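Here you get one chain, nothing else, as structure tokens; it is the form predicted alone.
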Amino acid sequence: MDIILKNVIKKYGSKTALDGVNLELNEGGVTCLLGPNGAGKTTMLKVLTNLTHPTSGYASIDGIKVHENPQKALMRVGSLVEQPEFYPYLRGREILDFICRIRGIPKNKITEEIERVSALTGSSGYLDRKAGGYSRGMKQRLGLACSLVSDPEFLILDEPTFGLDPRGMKEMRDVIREFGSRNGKSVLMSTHLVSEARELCDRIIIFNNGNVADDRHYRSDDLLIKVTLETESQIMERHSGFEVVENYGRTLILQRDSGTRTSDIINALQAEGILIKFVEPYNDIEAAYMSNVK
């Protein structure tokens, strides 16, 4: 599924929420919009899900412009954007039944589909309670269950762990990770938590001031180290067991091969006569975030 945002601008009066966003998403897995509150993440997801129209530019899904033909464009998309709210007098089961009908689930399959999505999201235990008595976390779980109805190919989630306790956050992340790992499935989610992006996502797009500030595929932190040298030294990019991925003169960012210990790297560098001042773990996503979000 190809997702494209082309020169998307969104203004609310004199305020510019999106400032000429250009973005392509065409791979599976989990992609994260990472940025502070007010960066424009939710507005971008609203444009993608036709909850708001761009002032100029467009969003398209498989070549179909979302604001021109939302029903066709969003046919295979599930979404949870902003804090979900439900009619307080409806029970969770009734809400899911309604969503199943909208999504075209055959009448004789609706009960089965409700059981499937509620089991995935941990919402089975309160489906027969009225939504007016739901906590924030319960609403979040039910909202995710609604987004999973009909097993969409593409899932759009806005701060999906917001309002959940630590156990709920873990369970929600497990659902997202499992969905994004399946062939033909993709997730685009937003968060302001660096730790969540690092744990869940294959691609991280740092969003700030209404636009893309950084876009990278993620390298696992446990394989990255930062080495500070006493003096600048000539060093090969590739060594047995590790490689230099960034070189700032006296500061090197190294990526270890799986199974290579930090001590092995230190020994290899010292054997070349390179003087090491200190070594520490390196978080490339946190570093990118801090340099792009002021």
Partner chain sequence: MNRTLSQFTDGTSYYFRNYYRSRSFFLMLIVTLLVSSLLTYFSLKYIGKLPKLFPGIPTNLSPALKERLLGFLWALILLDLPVFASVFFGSPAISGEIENKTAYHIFPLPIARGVLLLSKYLAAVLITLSVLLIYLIFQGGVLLYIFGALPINYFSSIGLLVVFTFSIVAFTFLVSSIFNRNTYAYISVFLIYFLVFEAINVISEFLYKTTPFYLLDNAADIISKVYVNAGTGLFSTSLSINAASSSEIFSSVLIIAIYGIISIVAALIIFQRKEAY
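Note that the structure is a prediction, hence the values are computed from the model and not measured. Residue numbers count along the first chain shown, from 1.
One more form of this protein, predicted together with its partner chain, exists but is not displayed; see below.
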property	result
177, 248 and 287 all contacting its partner chain in the model of the complex, non-hydrogen atom within 4.5 Å	no
Single option in 83, 111, 135, 181 placed near its partner chain in the model of the complex, where near means a heavy atom within 4.5 Å	83
Position in contact with its partner chain when the complex is considered in the model of the complex, options 214, 94, 171, 159, heavy atoms within 4.5 Å	94
Segment that reaches its partner chain in the model of the complex - one of 235 to 243, 260 to 268, 57 to 65, 41 to 49, heavy atoms within 4.5 Å	41 to 49
is_contact(residue 166, its partner chain) in the model of the complex, heavy atom dist at most 4.5 Å	no
Partner proximity in the model of the complex: residue 208 to its partner chain, non-hydrogen atom cutoff 4.5 Å	no
Partner proximity in the model of the complex: residue 118 to its partner chain, non-hydrogen atom cutoff 4.5 Å	no
Residue contact check: residue 103 to its partner chain in the model of the complex, 4.5 Å heavy atom	yes
Residues in 1 to 40 close to its partner chain in the model of the complex, defined by a heavy atom within 4.5 Å, in order	10, 12
